[in-house]
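Only one chain is given next, in C-alpha cells, and it is the form predicted alone.
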C-alpha cells in the first residue's frame, strides 16, 4: 500500500473542516448527520472519521480551527480588527477571519455550552487561545503606551470578548450591520490611552 504524504493528509483534513463548517452552519450540530457531512465534504464517512474520532471531535476541531485563525489576527491587529473584518467580509472571502459560516458554528458552540456539560468540559480545554491572544495583545499595547492604564487587562479582555459575542449574535440574527463601524470606533476608543495636552 503506498504511503500518503503529510501534505495530502493536511489537504484532506482541510477539505473535511471546510465542508463540515458549511454543514454545521446550515443544519446545526444535531442536523449535521453523517450523510449530510458526506455530501458537504464530498467524502465518505470512512474518510471523514479516519481523520476525526467522531462528530463531536470534528466539531471541536472545526471550532478550534476558527479560534486559531482569529487568534492570529488578534495577535497582529487586535480583537476589534477581528470584528471589523467580520463586518467588512461577512462571508470570509478575504480569508483573514472566518465568515458567515463561522457565525453559525460559533452560535452552535454557544448553544452546546449551555446544554451539554461534557461538551463544555472539552471546549474549556480549547477556548483559551483567543482569550490568551487578546490578553497578550492588550499587554503589548499597554507596554507601548497605547492602552488605558486605569483598567486591568483582564477586565478589558472580558469587555472586548463580550462585545464580540454581541456582534456575533447581531450578525447571526440577520440584523443590519452597515452602520456598526462607528460602534467599533467607540469600542476601540474606549480602551485607548488618552494623553493630556
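Positions refer to the first chain, counted from 1. What you are looking at is a predicted structure, and each value in this text was computed from that prediction instead of being measured.
Another form, the form predicted in complex with another copy of the chain, is not on view; read the next lines as being about it.
Asks: Please pick out the stretch from 63 to 71, 34 to 42, 158 to 166, 49 to 57 that is in contact with another copy of the chain in the predicted complex, where contact means heavy atoms within 4.5 Å.
Replies: So the stretch in question is 158 to 166.
Asks: Is residue 120 one of the residues lying within 4.5 Å of another copy of the chain in the predicted complex, judged by heavy atom distances?
Replies: Yes, residue 120 sits close enough to another copy of the chain in the predicted complex that at least one of its heavy atoms falls within 4.5 Å.
Asks: Hey, in the predicted complex, does residue 173 get a heavy atom within 4.5 angstroms of another copy of the chain?
Replies: Within the cut-off, so yes.
Asks: Under a 4.5 Å heavy atom criterion, is residue 8 part of the interface with another copy of the chain in the predicted complex?
Replies: No, residue 8 is distant from the partner.
Asks: Is there a heavy atom of residue 75 lying 4.5 Å or less from a heavy atom of another copy of the chain in the predicted complex?
Replies: Close contact is absent here: in the predicted complex, residue 75 is far from another copy of the chain, nothing within 4.5 Å, heavy atoms only.
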